[in-house]
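Take a look at this one chain, the form predicted on its own, written out in structure tokens.
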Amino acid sequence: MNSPLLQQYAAVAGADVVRQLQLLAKPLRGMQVVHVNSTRRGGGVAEILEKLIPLMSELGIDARWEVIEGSPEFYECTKLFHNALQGQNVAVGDKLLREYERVNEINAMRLRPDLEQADVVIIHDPQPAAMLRHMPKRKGKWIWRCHIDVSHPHRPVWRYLRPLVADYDASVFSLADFVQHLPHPVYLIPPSIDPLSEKNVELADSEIDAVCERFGIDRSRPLLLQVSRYDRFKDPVGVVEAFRLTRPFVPGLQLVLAGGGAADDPEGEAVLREVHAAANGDPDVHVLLLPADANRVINALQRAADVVLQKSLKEGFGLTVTEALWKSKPVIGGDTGGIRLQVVNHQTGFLVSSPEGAALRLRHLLHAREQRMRMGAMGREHVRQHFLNTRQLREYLTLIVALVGRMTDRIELV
């Protein structure tokens, strides 16, 4: 374990975990692995890739990250895809579908020299999914990685997308509940956080105090927090309602909604306006629009909070839940998708299905400091064991070894 970077991860995840990564990567050294997604800043996929690529490179893999470029109409189309895959009954017109196909073809032409020669290409989500059909001379294995809750997709949209991903060599989903029938091997790999990133490292109290002072947050009063993009599926308006139902029973209660936009999400501004309307100028509701690089600010807010919410209506995974648990905070989360993997009901937090349910749990937790501390400790250990990026990388490496080495039932580490 000569690498200083790997030594840092060994200190958090354990030396045995890093040794296993080195053994898995040994037969893959020098292999070209390219990840492709639709944005370099904003959103969980970009956060994961920002840390996963250097780790793969550290293990001797020629790992690269490419980002497609698209028009506003392209992103309007893929946002509709996203909403439809999460169950909304939406129609995607022929004009938008043609633009989606055109943008994929243009990006395929631009990236073809690298992608056709790569040993493994991992395409993230629907945005670049149609590129495969423009790679007639590809030599490597192509994997479609779906980060979305597709447990109950709107069928007309899935019928359009399914042929685009059916020709991949494998697919990866975050949960078994999300898996759709496809004519190739399907793998389950939940996302993860990087414990060494600015969003997750320990912070001095003075830095936490400074961030709270900057936004007018009183650390002597109880604080609720939700961190997420301004997206209706994150239900920020429902969080404001839960806060209002809780406040009469918890004097001095404050709420912070902190989030930003993503380049591939055109609905963010409209949702932000809805949140401001719901807050209605309440001085105890802080609606923050943060830049994509505000990682230490988010870290400080999560550490300042007494309880963290992620009251999503649909959620592929919810990295903000993982981040909060890693900081020993109990989480009240929507009873959906990947949140269920992380919020172990009554142990690391509570699962809820309505603003009223969230308010009931908030009233209880905000008057039960010892239980908050106990849940927080259990949450941090739950993340350490299951949701650090060393575990996700191990599973990606295992998948690549299986696909490239044509092994289906056993992988030996020697």
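Just count from 1 along the sequence shown to find any residue number. Here the structure is a predicted model, which is why all the values come from computation and not from measurement.
Keep in mind that the form predicted together with a small molecule is not shown, yet the notes after this line are about it.
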field: Heavy atom within 4.5 Å of the small molecule in the predicted complex - residue from S171, S151, Q117, N295
entry: N295
Answer option from K199, K79, R247, H124, heavy atom within 4.5 Å of the small molecule in the predicted complex: K199
- prompt: in the predicted complex, do N37, E99 and P128 all put a heavy atom within 4.5 Å of the small molecule?
  reply: no
task: Have a look at 315 to 323, 273 to 281, 181 to 189, 68 to 76 and name the one stretch with heavy atoms inside 4.5 Å of the small molecule in the predicted complex.
output: 315 to 323
- prompt: For R145, is any heavy atom within 4.5 Å of the small molecule in the predicted complex, or not?
  reply: no
- prompt: At the 4.5 Å heavy atom threshold, is V227 in contact with the small molecule in the predicted complex?
  reply: yes
- prompt: Any of the heavy atoms of K234 lying within 4.5 Å of the small molecule in the predicted complex?
  reply: yes
- prompt: Heavy atom to heavy atom, is G140 within 4.5 Å of the small molecule in the predicted complex?
  reply: no
